[in-house]
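Here you get one chain, nothing else, as structure tokens; it is the form predicted alone.
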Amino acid sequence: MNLLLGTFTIGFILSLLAAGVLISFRIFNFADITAEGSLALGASTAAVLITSGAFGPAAALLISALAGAAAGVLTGVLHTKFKINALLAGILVMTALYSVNLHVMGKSNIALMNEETVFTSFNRLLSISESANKTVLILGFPASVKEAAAAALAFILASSGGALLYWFLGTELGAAMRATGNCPQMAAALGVNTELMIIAGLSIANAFAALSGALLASYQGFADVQMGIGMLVWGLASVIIGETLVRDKSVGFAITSAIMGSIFFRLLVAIALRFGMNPNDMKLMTALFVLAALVLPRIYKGGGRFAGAAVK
């Protein structure tokens, strides 16, 4: 049960990354690889702030999200103002962020095992001692109280992030972003500053990615400069798998499907590892899952267009 709870916890944490990918990939049709650097930037920023003792865990998460937002702004500016290809702009910023993350941390990784994080703070709020090894019954199976609390907090944060994104996309600004993604020419004709919308959208997307990285580092107990490598594919897998589970492309269902896809994909990974898959093959398996999610709907529909249309 602890393994299952851990799987759900990481699935909920990475659902915030999936929400960010949903914004860039589905709303703007922008393959923003900056997310890989932003996730590591969020983790490294949170780790440095937490270990310094100058900021609390919640403040560290907020500042980490702002750092990711700044990275998204840079990518957006390179693309819109300097007319650099979207993919190339993301690659440039992601590459630069690797060195930035090394400078932020001062080394390749930082341990957080004995530091105050949002998870230890939540445990204290629930009067759960870090040294205690109590268990509870969940669906008849024994589970660690701390793992159950971590899963509950991850669920609360993922749900809150999804609800906040749903609210934002329903505002006038959010509608302008969706209009820009669906038809930039029409949006511009209606007086929408499409370049500003793209910059703002990438900023929000990378803020979600950085927040996911900060939470992942807090949960795993360390931040590493390479932890963002391959995470864009993970986010895409979550979005695409979620779309196969939930066909409705309205805003609320799109966000829900991204969260569901993240959890389902993490379950697939956990099952594969449980049955003896070599951990070195995880990236390969991730790519194969994404490929299957892209190809199978086309085969099922007789070669028709893949159902993953833009968010309505």
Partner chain sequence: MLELKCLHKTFNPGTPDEVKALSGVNLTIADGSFTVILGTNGSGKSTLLNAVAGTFIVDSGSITLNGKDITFMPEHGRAAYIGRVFQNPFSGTAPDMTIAENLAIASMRGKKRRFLSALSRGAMREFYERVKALNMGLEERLDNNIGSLSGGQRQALTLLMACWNRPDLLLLDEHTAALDPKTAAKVLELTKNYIEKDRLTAFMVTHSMQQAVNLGERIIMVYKGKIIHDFSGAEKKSLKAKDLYELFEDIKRRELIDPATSEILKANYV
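Numbering follows the first chain given and starts at 1. Owing to the predicted nature of the structure, the values given are computational and were not obtained by experimental measurement.
Beyond what is shown, the protein has a form predicted together with the partner chain; the following relates to that form.
S.K.: Specify the contacting stretch among 85-93, 205-213, 172-180, 67-75, defined as having any heavy atom within 4.5 Å of the partner chain in the predicted complex.
M.R.: In short, 172-180.
S.K.: Decide yes or no: are W167, L190 and N193 jointly within 4.5 Å of the partner chain in the predicted complex, with each residue judged by its heavy atoms?
M.R.: Each of the three qualifies.
S.K.: Does the 4.5 Å heavy atom contact test between L125 and the partner chain in the predicted complex come out positive?
M.R.: No - in the predicted complex, heavy atoms of L125 and the partner chain never come within 4.5 Å of each other.
S.K.: So, Q185 and the partner chain: in the predicted complex, are they within 4.5 Å at any heavy atom pair?
M.R.: Yes.
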